[in-house]
Ligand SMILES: CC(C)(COP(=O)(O)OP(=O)(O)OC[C@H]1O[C@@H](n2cnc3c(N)ncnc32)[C@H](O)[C@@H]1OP(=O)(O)O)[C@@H](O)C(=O)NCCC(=O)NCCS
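What follows is a single chain, given as structure tokens, in the form predicted on its own.
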Amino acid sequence: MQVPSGSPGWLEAFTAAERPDLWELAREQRLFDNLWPEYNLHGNNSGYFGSLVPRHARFQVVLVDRRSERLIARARTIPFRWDGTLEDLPAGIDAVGLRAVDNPGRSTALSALAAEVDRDYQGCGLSGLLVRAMGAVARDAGLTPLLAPVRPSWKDRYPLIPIERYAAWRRDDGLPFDPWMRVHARLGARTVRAEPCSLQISAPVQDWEAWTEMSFPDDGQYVFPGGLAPLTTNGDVGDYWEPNVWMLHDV
């Protein structure tokens, strides 16, 4: 695929359909797993990520540094059926992934799932380029709009603030308070709805203790490193719902 305009000259962009070898390399070597808190890799319903390639290979994007042939970024998306109304908009990332897999119908829109940039290349504007690349594959396939269940990058600093309030915070210039939401807004996206229950992770407390390097000695609610909302423990089980914010790009 063509790299988005304004990209550095050393950057190359490919879909997984064009370069399945690069996509497999990222999967086999787990190149981007270290970008996520460990708990984020254990969603109860995240099997839809496994359906992306080869079924939806043309909607997955990788960025390569041509100078070193190094794979440096990846965008994961999924096409889904949506009638364009808020009532029909899935309740977050799990719901959109499950709809796409379990009740696909005729896809009418594209949802972002993840935009991942190697730590050595963060701060270079590649996350915005990934969003623009997602918009390009959506537009080329006639799947518009592009929606993104955004994981706010500073929400872990305010885990006790409801996502509806956090999503409404603005800077003096009118842009979102959250940096990742701000990237989307600068690319023309608008906030559609906050989702308090977007990604579900329910697991044994001992797993949560290993993932967070904390102890949870009693039932209750706990704030933990990297968490966007509190963890609730009850008996031997820890339950967590990660919030997201739906943002819509008219591509």
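Quick caveat: nothing in here was measured; it's all calculated off a predicted structure. Note that residue numbering follows the sequence shown and begins at 1.
One more form of this protein, predicted together with the named molecule, exists but is not displayed; see below.
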query	finding
Non-hydrogen atom within 4.5 angstroms of the named molecule in the predicted complex for each of S111, L147 and R165	no
Distance check, A141 to the named molecule in the predicted complex, heavy atom within 4.5 Å	no
Close approach of A115 to the named molecule in the predicted complex, 4.5 Å, heavy atom	yes
Partner proximity in the predicted complex: W82 to the named molecule, non-hydrogen atom cutoff 4.5 Å	no
The named molecule contact in the predicted complex: R182, any heavy atom under 4.5 Å	yes
Of A91, V101, I161, C124, the one that lies within 4.5 Å of the named molecule in the predicted complex (heavy atoms)	C124
The named molecule: the contacting residue among R66, R190, R186, R30 in the predicted complex [heavy atom, 4.5 Å]	R186
Contacts with the named molecule in the predicted complex, stretch 134-152 (heavy atom within 4.5 Å)	R151
